[in-house]
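Given as structure tokens, the chain that follows is alone and in the form predicted on its own.
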Amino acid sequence: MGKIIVLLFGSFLVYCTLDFPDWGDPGSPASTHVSPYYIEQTLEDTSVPNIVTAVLADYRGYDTMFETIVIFTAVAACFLLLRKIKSDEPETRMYRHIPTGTTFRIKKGGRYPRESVDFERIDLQWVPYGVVIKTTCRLIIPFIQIFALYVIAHGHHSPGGGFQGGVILGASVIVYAISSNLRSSLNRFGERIAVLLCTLGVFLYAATGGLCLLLGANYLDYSALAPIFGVDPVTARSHGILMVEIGVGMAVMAAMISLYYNLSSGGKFDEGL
């Protein structure tokens, strides 16, 4: 019965598409009314030369805010499905003696080496130590992160934005985890930090709209922020877009990292690629 309902509903949706305008039709309503307004008025309305960012963060800011909430929901769902709060101690651990390169397999109940410069814990599915890969990643990661911050900060004036910059920031942490190990990455960017930043990113976006309400304007009407920034209402819309882009960047970055931690370790946060 369920398959029949899905088939009938899907057929109905396909039938409805027959009323849509042809792909790229210059006479469609979007081409004759909506797009021309954005192209002609974006800079005058928002002081933002990047039309795409202005549309995403201002003209249809509600939609983008709920997209950010969807990302946060995905992280929460992944946490509930995969995270193992009480993880059992692994049956076997492996350590590498750094001066000699010798590896040791120690079963549960044995004495583990103390944390020191001479011993390093490695994953059971271990690959040979790659000094070139590790050194190269440590050199390029800071530049990746600087570029990511540039993409977020200049997303409303050039190609980029919160989603793109957040992905690049998240990728820099994942690159470090892959070139080193999951435990080293967790020591520098822990699970709690990822969850906190994801929550703060969504909150910053929603709170920006709430601030507009408190100032007597509509929700996400950034022109109301003009007295706070000390600028004219048009420029204030540009600053408001930057605020929500920062929130989006934080949420996307933290979501990527949290999803990687859970998926790569099976929710154990002990070993993983």
Partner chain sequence: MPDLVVIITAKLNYWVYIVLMMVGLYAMIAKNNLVKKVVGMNILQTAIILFFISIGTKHNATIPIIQHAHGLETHAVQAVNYANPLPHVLMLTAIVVAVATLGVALALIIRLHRQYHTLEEDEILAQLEED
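Values in this document were obtained by computation on a predicted structure and should not be read as measured data. Between two forms, the rigid core is defined as the largest C-alpha subset superposing within 1.5 Å. Residue numbers count along the first chain shown, from 1.
Quick note: we don't show the form predicted in complex with its partner chain, though the next part is all about it.
Undergrad: Please name which of the stretches 188 to 196, 136 to 144, 174 to 182, 152 to 160 has residues with heavy atoms lying within 4.5 Å of its partner chain in the model of the complex.
TA: Looking at the partner contacts, the answer comes out as 152 to 160.
Undergrad: Can you work out which of A217, I51, A207, V234 has a heavy atom no more than 4.5 Å from its partner chain in the model of the complex?
TA: Exactly one residue meets the criterion: I51.
Undergrad: Taking its partner chain as it sits in the model of the complex, is V70 near enough to touch it, meaning that at least one heavy atom pair lies within 4.5 angstroms?
TA: Looking in the model of the complex, residue contacts with its partner chain include V70, since a heavy atom lies within 4.5 Å.
Undergrad: Test of understanding: in the model of the complex, would C78 fall inside 4.5 Å of its partner chain by heavy atoms?
TA: The answer is yes: C78 has a heavy atom within 4.5 Å of its partner chain.
Undergrad: Is there a non-hydrogen atom of A224 within 4.5 angstroms of a non-hydrogen atom of its partner chain in the model of the complex?
TA: No, no contact at 4.5 Å.
Undergrad: Just checking whether G230 would be counted as a contact of its partner chain in the model of the complex - the rule being heavy atoms within 4.5 angstroms.
TA: Flag for G230 set to no.
Undergrad: Along 23 to 56, which positions have a non-hydrogen atom within 4.5 Å of its partner chain in the model of the complex?
TA: Result: W23, G24, D25, P26, S28, A30, S31, V34, S35, P36, Y38, I39, E40, L43, P49, N50, I51, V52, V55, L56.
Undergrad: A30: with the rigid core matched between the shown form and the other one, does its Cα shift 2 Å or more?
TA: True for A30: a C-alpha shift of 2 Å or more.
Undergrad: After a core superposition, would you say L13 shifts its C-alpha by at least 2 Å between the shown form and the other one?
TA: Passes the 2 Å threshold, so yes.
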